[in-house]
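In the block that follows, a single chain appears as structure tokens, in the form predicted on its own.
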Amino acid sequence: MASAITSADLTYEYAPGVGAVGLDLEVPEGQVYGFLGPNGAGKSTAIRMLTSLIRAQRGSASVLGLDPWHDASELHSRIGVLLSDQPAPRQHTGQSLLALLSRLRDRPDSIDRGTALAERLSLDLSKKGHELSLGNRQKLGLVTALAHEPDLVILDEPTNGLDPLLQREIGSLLREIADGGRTVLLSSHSLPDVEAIADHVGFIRDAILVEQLPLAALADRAVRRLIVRFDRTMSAADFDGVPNIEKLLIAADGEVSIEYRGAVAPVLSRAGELNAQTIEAHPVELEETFLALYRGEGAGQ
């Protein structure tokens, strides 16, 4: 699969461990790539290097086959960007801003497309930037980033200040963009938002990219849980030697909670040998796996 973004040792360090250091990114074309990490981890610094807002101190990057710094003018015509701290022009209405950007981009068709996006997001384009709430400034930033149908969309915390219904609508919109063959890099610290729409995820912690992998591979790594009920009280020794078990919780009434990672067959086989009465599987929860990577556990497993 071709990559919309690649980088090698991409670095901008404000102070030791502050910024983004040695990033080797691979963002596949036509996918939603969730760029995850706690606040201050380095996500915004990475985005600023990829969009030519700051020049990397070392390393290299290719964005849509272009160098972000040397080919900035050509690159900017092909990408749509929303920064986490992007202000709305105070004296422009949404309508006048769309008109200005359509002239700068030489994309007159983007006005109608931006108007349709604004309607979808319930944004009043007649208001000036200084009249907009935080949520509506976010909406305007999204509309102006997407109206010209860029090949690559780069969004830094795009759902800040938005209610849950709009967050879901934006997730649907980004999924539509990727399903249409374009690429989305979505930076966020909101694990459920990314899990709902991403194809790939990358984790940055303390300025270092600690992991990147398909979301499906992360699900394979996730800890799962079974509730198994027996007609007698069990003991931990009953499950000795069963691979993949991470934790056992045994109740006096014969209920055993089993957390495991990997294949379930050995666990089910032992439960059958022990004459389990019922087995209840719980859905995979990726959040703990995400958080383990944040805390520095589990990388490279």
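Don't overthink the numbering: it's just position in the shown sequence, from 1. Small disclaimer: the values here were computed from a predicted structure and weren't measured.
Although it is not shown, the form predicted in complex with a small molecule is what the next lines describe.
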Touches the small molecule in the predicted bound form: P243 (any heavy atom, 4.5 Å): no
Evaluate A41 for contact with the small molecule in the predicted bound form, applying a 4.5 angstroms cut-off between non-hydrogen atoms, and reply yes or no. yes
Residue contact check: I279 to the small molecule in the predicted bound form, 4.5 Å heavy atom: no
Quick one: find which of 243 to 251, 41 to 49, 262 to 270, 61 to 69 has residues within 4.5 Å of the small molecule in the predicted bound form by heavy atom distance. 41 to 49
